[in-house]
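This document opens with one chain alone, in C-alpha cells, the form predicted alone.
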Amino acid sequence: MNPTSTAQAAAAQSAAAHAPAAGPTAAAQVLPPPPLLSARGLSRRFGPGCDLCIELTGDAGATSRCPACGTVVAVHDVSFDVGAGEVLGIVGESGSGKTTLLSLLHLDTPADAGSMVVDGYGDLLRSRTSDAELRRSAVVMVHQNSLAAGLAPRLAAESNVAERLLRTGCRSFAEARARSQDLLAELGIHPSRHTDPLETFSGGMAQRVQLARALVNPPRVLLLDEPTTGLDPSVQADLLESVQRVTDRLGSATVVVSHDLEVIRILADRVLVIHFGRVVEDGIPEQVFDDPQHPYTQLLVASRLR
C-alpha cells in the first residue's frame, strides 16, 4: 500500500471513531412529537348485542342496525391521532355515527371498547379523575347551542366567562371580569354587549362566548360540534375566522364535527369520513374531497355539488 492510501485509510478510521453513534438518540431526533390525542378502537353499541352485529352491519349490510338483534352499532373500531395545533374534521350524514363519536370523546357516553389517551392525562376512559373534572381541564366542547354548553342564558356574557375563570383558580372578581372582557373583545364581541344577557345574543355570538370560555384554561383537546349550523353565510365566515384564531392560539388537538364539507375544508388539516359507524376514508381535505375513493365519500361530495 502506498503512503497516500495509508494516510487516507487512517483518516477514514479516525473519522469513523469520532462520528456520533447511530442509535436511539439519533433516531429520536427524526421522530415526530407524540400526539396530544390518540384514540384506538373506540366502539359503542346501543342494544343487547349479539355475535352477528359486526358481520351484519357496516358496508356489507348497508346499515348500522343489526337485523338479528336490533342493536345499533353507532361507532366501531375508530382510531386516529391528533397532534398539537392540528385540526381533525369528521364528516358524515345524520346517523353516520359522528355525533356518537364526539360524545365518546367528550366523555358524555361511555365507550364499550377502546382507549382515548390525552397527553398529560393518560387514558381518559380509565382515569380515576371524574369525567366532570376532565371536561373542565383536558377536554372542552363548543356545542351547537349555549344551553347544551351549560351557559346561563340570563347571565351577562362576561359573567359566563368569568364563572369559568373563578372555577379554575382565579380568586379576584375584578381580575376575572377584566380577563373576561379581554377575551370577549378578542373574539369580536363589542364591549357594549359584554354585560348583556346571553339570551339576547345571536347563535354566532353565543358561539364566540363559548370560545372565550375555552381560552380561559386552554384544554389539551378542543371539540367543536357543528359550529356553523343555522348561521347566515356572513356570520359563518366571521365565526370560522374566530375559530381559526382560537385553534392557532391554543395549540390544542382540535376535533370538529360538521355536515358542511366547506367548513371542514376550511378548518381541518385532516379528515375522517364516517359511514355506518366506521371510518371509510381518511386523508387531507384536498385528497378526500377532490379525489374521493370510497363510494360513500363520492356520494357525499356529489350531493354537495348539486
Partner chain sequence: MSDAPTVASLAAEHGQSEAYAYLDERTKRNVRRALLKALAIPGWQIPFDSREMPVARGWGSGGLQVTLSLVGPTDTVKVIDQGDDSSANASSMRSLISRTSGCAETTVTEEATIIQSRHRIPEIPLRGDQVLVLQVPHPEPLRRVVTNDAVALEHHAERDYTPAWLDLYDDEARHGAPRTGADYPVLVEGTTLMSPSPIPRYDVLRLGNRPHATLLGAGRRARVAALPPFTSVEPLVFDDRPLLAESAAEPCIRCGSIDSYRVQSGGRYQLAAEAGNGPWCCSDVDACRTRRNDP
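Numbering follows the first chain given and starts at 1. In this text, all values refer to a predicted model and were calculated from it rather than measured experimentally.
There is also a form predicted in complex with the partner chain; it is not shown, and the following applies to it.
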Could you tell me which one of Glu163, Asp112, Glu186, Asp123 places a heavy atom within 4.5 Å of the partner chain in the model of the complex? Glu163
By the heavy atom within 4.5 Å rule, which residue out of His143, Arg220, Arg177, His106 makes contact with the partner chain in the model of the complex? Arg177
Ser94 near the partner chain in the model of the complex, any heavy atom under 4.5 Å? no
Does the partner chain come within 4.5 Å of any heavy atom of His190 in the model of the complex? no
Contact with the partner chain in the model of the complex for Ala156, defined as at least one heavy atom pair within 4.5 Å: yes or no? yes
Is Gly203 close to the partner chain in the model of the complex, meaning a heavy atom pair under 4.5 Å apart or at it? no
Segment that reaches the partner chain in the model of the complex - one of 223-231, 68-76, 95-103, 194-202, heavy atoms within 4.5 Å: 194-202
Where, within 277-303, is there a heavy atom within 4.5 Å of the partner chain in the model of the complex? Residue list please. none
